[in-house]
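Below, in structure tokens: the form predicted on its own, a single chain.
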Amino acid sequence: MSPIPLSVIGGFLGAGKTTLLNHLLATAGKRYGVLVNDFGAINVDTALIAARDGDTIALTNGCVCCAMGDDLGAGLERLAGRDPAPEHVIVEASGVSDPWRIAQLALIEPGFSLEPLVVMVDAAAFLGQLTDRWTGDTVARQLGFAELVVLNKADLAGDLAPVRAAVHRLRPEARVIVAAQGVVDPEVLHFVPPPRPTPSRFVADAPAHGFMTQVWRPAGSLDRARLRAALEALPRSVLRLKGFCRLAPDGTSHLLQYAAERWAFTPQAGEPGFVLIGTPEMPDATATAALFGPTEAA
């Protein structure tokens, strides 16, 4: 049986990995199998959902989304064992991980062939992230083995020439394309990649990124204007906020995504609660509580 093509999509917090996945799933011309860390943030159009069972969502177009869990190999085996099996598997790396680590594991997994390693870049925030003392090393490391770099959010960026130059300096071998709102032609994900290092089953642990996390669980509905004011007051040390809340006056559930000092609300059902990710300079739980309310440290 022919191996299943497998793509790994990496990129820093808020670069648009999940937005790209949503686009691919909504416009799928093949059966995708998707493994994600942040299962709850997949904003799949409810009209596409055929069934939901625990950590798996089956779509009407034959695609399926699964939570990755702690064992990538087990997740891939679970997808390959579906009937019918996916025609293409996509693994979304977490926003602070090294996607090449995941790609190496995928390279040695029987039954799969690794497609070009994709790294998403927030074109509007990238240069600042690259020079930041807390995020620079992580952002640069994620590009170290990139084979396709997607300059996403180009509609929010100004001159892309400095961004292209910085990417080329870090990874001259990579192809670079420009995108807005994660809209990418699936065909650009397929090409013969440059020569790769030999993978190893003994993949070294990635360096500790040192980022901090907090969990905030709102009690009851939130006032939209007050929540916007709290988001505007967040310091730059808060890199990412994501989760669900109910907004007054009718208590409708919304998905909130915040990154690079920008945010968006999307009506979507989910258990109320936010995860905040930031640098070691991020305000502690007490200070966060002053903005949002009671906070539970993660």
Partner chain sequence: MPQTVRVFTARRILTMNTSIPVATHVAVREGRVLGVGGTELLHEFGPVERDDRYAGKVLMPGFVEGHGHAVDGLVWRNPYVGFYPRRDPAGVWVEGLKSIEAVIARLQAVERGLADPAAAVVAWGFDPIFFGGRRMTAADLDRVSATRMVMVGHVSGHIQNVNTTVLERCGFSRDSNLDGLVRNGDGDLTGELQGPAVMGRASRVVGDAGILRAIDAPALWDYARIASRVGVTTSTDLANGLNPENVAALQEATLSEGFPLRLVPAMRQRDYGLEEGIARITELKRMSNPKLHFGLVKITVDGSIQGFTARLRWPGYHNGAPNGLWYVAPEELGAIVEAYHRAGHHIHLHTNGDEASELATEMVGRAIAAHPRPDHRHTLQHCQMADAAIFRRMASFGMCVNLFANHIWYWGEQHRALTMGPSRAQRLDACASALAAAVPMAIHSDVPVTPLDPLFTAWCAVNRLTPEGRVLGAAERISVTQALHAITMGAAYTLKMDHLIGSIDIGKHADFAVLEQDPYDVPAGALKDIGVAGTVVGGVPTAG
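Rigid core here is just the name for the largest C-alpha set that superposes within 1.5 Å across the two forms. Positions refer to the first chain, counted from 1. All figures in this text were calculated on a predicted structure; none of them were measured in a lab.
Same protein, other form: the form predicted together with its partner chain, not shown, and the subject of what follows.
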Quiz item: Considering P110, G144, G81, G158, which brings a non-hydrogen atom within 4.5 Å of its partner chain in the predicted bound form?
Solution: P110
Practice problem: Heavy atom within 4.5 Å of its partner chain in the predicted bound form: which of R246, R31, R262, R236 fits that? Just give me the one. | Solution: R262
Exercise. Using heavy atoms only and a 4.5 Å cut-off, decide whether all three of A123, H168 and E173 touch its partner chain in the predicted bound form.
Key: no
Quiz item: Is G73 close enough to touch its partner chain in the predicted bound form, meaning at least one heavy atom pair within 4.5 Å?
Solution: yes
Practice problem: Answer with yes or no whether L20 is in contact with its partner chain in the predicted bound form, where contact means some heavy atom within 4.5 Å. | Solution: no
Exercise. Evaluate E77 for contact with its partner chain in the predicted bound form, applying a 4.5 angstroms cut-off between non-hydrogen atoms, and reply yes or no.
Key: yes
Practice problem: Indicate whether V96 is a 4.5 Å heavy atom neighbour of its partner chain in the predicted bound form. | Solution: yes
Quiz item: Can you say which of 149-157, 178-186, 84-92, 129-137 gets within 4.5 Å of its partner chain in the predicted bound form, counting heavy atoms only?
Solution: 129-137
Quiz item: Along 159-178, which positions have a non-hydrogen atom within 4.5 Å of its partner chain in the predicted bound form?
Solution: none
Practice problem: Superpose the two forms on their rigid core, then report whether the C-alpha of Q257 is displaced by 2 angstroms or more between this form and the one not shown. | Solution: yes
Self-check item: C245 C-alpha moves between this form and the one not shown by 2 Å or more, core aligned
Solution: yes
Quiz item: After the core is overlaid between this form and the one not shown, has the C-alpha of T60 moved by 2 angstroms or more?
Solution: no
Self-check item: Closer or farther in the predicted bound form: C-alpha pair H254, Q129 (3 angstroms or more)
Solution: farther
Exercise. Indicate closer or farther: the Cα atoms of A259 and L143, in the predicted bound form, relative to the displayed form, with a change of 3 Å or more.
Key: closer
